[in-house]
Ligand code: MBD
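This document starts with one chain, in the form predicted on its own, laid out as structure tokens.
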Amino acid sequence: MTDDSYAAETEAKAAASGAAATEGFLQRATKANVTVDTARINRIATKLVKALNDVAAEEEVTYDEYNIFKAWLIKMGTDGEWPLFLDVWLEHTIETVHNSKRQGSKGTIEGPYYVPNAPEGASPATIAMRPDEPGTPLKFHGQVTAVGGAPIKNAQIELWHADDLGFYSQFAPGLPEWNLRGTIIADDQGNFEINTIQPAPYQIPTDGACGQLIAAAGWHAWRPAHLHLKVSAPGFHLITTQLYFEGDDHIADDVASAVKPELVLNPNKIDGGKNAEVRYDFVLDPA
């Protein structure tokens, strides 16, 4: 990787990545066919507004504090960071509720940096990357089966993740459009093999409204290194998940509260320690 591309990548700004995340979310949301239950919206919205008012009363929030909060909400919108805020601090609860009755593999949050329709290839496959992609090469393989153990023919595995510097393609400058993003089709026994690189831990953007909140509250902004995945097949529930790496400094205190013990990998070193290999199998619930 050249010094110029490194410099461009590290100049990623919260507002630019936030705008991209917001635009991507809005495009997908407009295509969703969701029936609005007025009574349910009324119930949820009423509880949400009450919770805010309860906090204001219990903490005796002053007008100065209220105005700071109001300005922060405005900044959150202008920075385009609502997808990031909600995915970091709320989505883990939504995901837990959504998957509470599933018997298959554990899910976790999608996060704000998913992009659909990544280039497709049959397993074994090498994910799109630069010729000089930095990081430890990782062979990631496994099998997709149904609850009960039957292999799922031609299951689809969408994989995306940050690079060795902690940045995502399409959300940081200087990266090829589909860098470290791909859709891999398993074989007729559900087996897959993907060659990629091991991602790095990273901080969520701190120069925008989310970073402002983190600094004011004295929190940290780190996420442990992880692979993002969506695994699907006709007739089965899609599973959205992330896989983490044993020994990461932020496994126990992920800012997004998304780590689950079942999702932690322990790769083996191969090729004299230069590369890594790990197996992880996915189990899908019937739709």
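Quick note: we count residues from 1 along the sequence shown, nothing fancier. Every value quoted in this text rests on a predicted model; they were computed, and no experiment measured them.
Keep in mind that the form predicted together with the named molecule is missing from the display, and what follows is about it.
Q: Check whether Y202 has any heavy atom within 4.5 Å of a heavy atom of the named molecule in the predicted bound form, and answer yes or no.
A: Because a heavy atom of Y202 falls inside 4.5 Å of the named molecule in the predicted bound form, the answer is yes.
Q: Any of the heavy atoms of F140 lying within 4.5 Å of the named molecule in the predicted bound form?
A: No, F140 is distant from the partner.
Q: Just checking whether I109 would be counted as a contact of the named molecule in the predicted bound form - the rule being heavy atoms within 4.5 angstroms.
A: I109: contacts the named molecule in the predicted bound form.
Q: I'd like to know whether Y113 contacts the named molecule in the predicted bound form, with contact meaning heavy atoms within 4.5 angstroms.
A: Contact with the named molecule, yes.
Q: The named molecule in the predicted bound form: within 4.5 Å of a heavy atom of each of Y168, R223 and A256?
A: Affirmative, all three are within 4.5 Å.
Q: Which of these residues, I157, V144, A209, L84, gets a heavy atom within 4.5 Å of the named molecule in the predicted bound form?
A: None of the other options qualify; the answer is L84.
Q: Which pick from A186, V88, A172, L180 sits with a heavy atom within 4.5 Å of the named molecule in the predicted bound form?
A: When the named molecule is considered in the predicted bound form, the option within 4.5 Å is V88.
Q: Of 30-38, 59-67, 45-53, 223-231, which is the one stretch near the named molecule in the predicted bound form, taking non-hydrogen atoms within 4.5 angstroms as near?
A: The contacting stretch is 223-231.
Q: For the stretch 50-64, which residues lie within 4.5 Å of the named molecule in the predicted bound form by non-hydrogen atom distance?
A: The stretch 50-64, when checked against the named molecule in the predicted bound form, contributes no residue at the 4.5 Å heavy-atom cut-off.
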